[in-house]
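As structure tokens, one chain now follows by itself in the form predicted on its own.
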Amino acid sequence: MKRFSKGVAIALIIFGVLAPFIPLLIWSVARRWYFPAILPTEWSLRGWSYAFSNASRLPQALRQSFAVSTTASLLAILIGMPAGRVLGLYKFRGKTLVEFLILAPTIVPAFAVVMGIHVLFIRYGLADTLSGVIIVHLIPTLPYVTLVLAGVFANYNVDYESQARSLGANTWQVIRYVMLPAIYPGVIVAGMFAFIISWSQYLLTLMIGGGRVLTLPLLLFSFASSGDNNVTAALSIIFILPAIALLVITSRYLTGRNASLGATRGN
């Protein structure tokens, strides 16, 4: 009975997650669908065929979206890891202010942020470039990565590093064989958040990329504005699939079972 109840609960959760995507799936294969008809009166694969054609520019948008999101996530982890270590392991005067400043980019409207730095990007030749878009995506991704890793390092036992050094390990060996294996679940979670946030950026990409850097959100918005529901629905499904796949792959690291090595620090 308990196993049956657990199965029903899992089925309800899966249905609750997937239910909002059912209308999108129907729209992607619908040719005519007007109220009050419950289902489309005519069906067509035009939306999917056009989405995967060269005319839609989907391959270009996917390549640049993956390039931007992956690179921005890696950079956010490289920059956020030292900051997260300091915030998680040490107490110092002004720590609350530092945490607030790290969160500030997520509080201030994105339009205000990008307008303030757009002039600098033009001056240094970063506007309308893929590099500029990657850098500007660090604004919303870096705060999440830093705070996630700060929470990971708060449960990290630095005594393992001292033991490794006493056995002759150098700094790189300590990082590679002690710290990274201990915190990698948190790194994966932080990278997942960074990728999803970067993947969904529209305004920052449009302002800094100037329309020359085409990502999937820009392509999706252009078709949504045109009123073409078939293509828009097909692109929407393509847009959300990587995020769902990444969430499923990393879901076991979100349970808290994979804590950093040594949940309590030695005295």
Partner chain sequence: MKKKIFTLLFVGLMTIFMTACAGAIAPPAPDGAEDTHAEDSDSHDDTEMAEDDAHGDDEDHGDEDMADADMMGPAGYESWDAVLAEAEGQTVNWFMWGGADNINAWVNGPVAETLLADYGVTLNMVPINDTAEAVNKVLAEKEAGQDDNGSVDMVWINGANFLTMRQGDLLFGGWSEGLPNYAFVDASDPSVQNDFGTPVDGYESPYGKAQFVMIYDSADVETPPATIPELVEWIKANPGKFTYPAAPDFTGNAFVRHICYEATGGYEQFLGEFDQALFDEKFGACWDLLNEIEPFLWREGEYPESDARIKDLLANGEVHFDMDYNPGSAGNLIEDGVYPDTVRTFVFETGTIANTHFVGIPYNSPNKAGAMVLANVLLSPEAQLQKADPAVWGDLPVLDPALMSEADAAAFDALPRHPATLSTAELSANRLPELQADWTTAIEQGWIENVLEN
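Keep in mind it's a predicted model, so treat the numbers as computed, not measured. Residue numbers count along the first chain shown, from 1.
The same protein also exists as the form predicted in complex with the partner chain; that form is not shown, yet it is the one meant from here on.
Looking at F52, you'd find every heavy atom of it more than 4.5 angstroms from the partner chain in the predicted bound form. The partner chain is not shown here, and in the predicted bound form it never comes within 4.5 Å of any heavy atom of W43.
When the partner chain is considered in the predicted bound form, L167 lies well away from it, no heavy atom lying within 4.5 Å.
Not displayed here, the partner chain is approached by L214 to within 4.5 Å at the level of heavy atoms in the predicted bound form. The single residue of 130-165 lying near the partner chain in the predicted bound form is L130, the criterion being any heavy atom within 4.5 Å.
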